[in-house]
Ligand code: NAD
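Have a look below at one chain only, the form predicted alone, in structure tokens format.
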């Protein structure tokens, strides 16, 4: 592969995404606040950078995968940040889920330096990141998107150009509305079934074959019934996304009443100390309220 890629942010999603780029033969320079994943990727063949600036200086394409808007702003726009190290013509693809307004701010700042910025958030969780089958939603200039597609195809299966800067971010927020409400609906349905004495696995089988079937149910249902809430995507991160959604909704004057209720449920989960669990753990709060457990009987 000809392009040298810098990858910044090696968390639950970033590490497997970076690993897939290495497996595809790309030259990779990585940086993360946490040292252990950097050492893991070094063993896989990556070069370690000392700062975002250093990574950017060695790269033709820079990918960031970070928790929230302030993190991306600091890494891209801050001291020793990406834009201090980039050369004109560099592609910057932020694959984090952040405020689309921040993505637009970064696009404008990058443009002044001749850097081509894309907002390209992903959906699919840790499993999708590991298997390289993420859905990637991209905003920015179309010609830059076309140049980045071969790289995105290493990490994702469904890659969609959504429009100008910020469009990818708004698409991801719409995605997170559906996922949060769907997981909550699954939690309510399984808790109702548990209270009625239904077998949870048979219930999922029955629901999956009809209009209630969904990708969330297929992916998370078996995990929920086993009481396995090892995070593929945490409650804390989805709560952050719900905050971004409501912020965007207020700015656009779009009422989101169901999303607002779900946001409060996720807030309650965090109060109970469950923020580090998988976002499907919203069912545990509903179980608490109902006094029932939607678990497979042993």
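Residue numbers count along the first chain shown, from 1. Everything numeric in this text was worked out from a predicted model, so none of it was measured.
Beyond the structure shown, there is the form predicted together with nicotinamide-adenine-dinucleotide, which is absent from this document and is the topic of what follows.
At a distance of at most 4.5 angstroms from nicotinamide-adenine-dinucleotide in the predicted complex, all three residues 12, 32 and 122 contribute at least one non-hydrogen atom. Remark: residue 148 does not count among the residues lining nicotinamide-adenine-dinucleotide in the predicted complex, judged by a heavy atom distance of 4.5 Å or less. Contact check for residue 96: a non-hydrogen atom falls within 4.5 Å of nicotinamide-adenine-dinucleotide in the predicted complex.
By the criterion of a heavy atom within 4.5 Å, residue 91 is excluded from the residues contacting nicotinamide-adenine-dinucleotide in the predicted complex. Within 4.5 Å of some heavy atom of nicotinamide-adenine-dinucleotide in the predicted complex lies at least one heavy atom of residue 126. Comment: 24 to 32 is the region of 54 to 62, 245 to 253, 260 to 268, 24 to 32 lying near nicotinamide-adenine-dinucleotide in the predicted complex, near meaning a non-hydrogen atom within 4.5 Å. With contact defined as any non-hydrogen atom lying within 4.5 angstroms of nicotinamide-adenine-dinucleotide in the predicted complex, the contacting residues in 236 to 265 are 237, 240, 241, given in sequence order.
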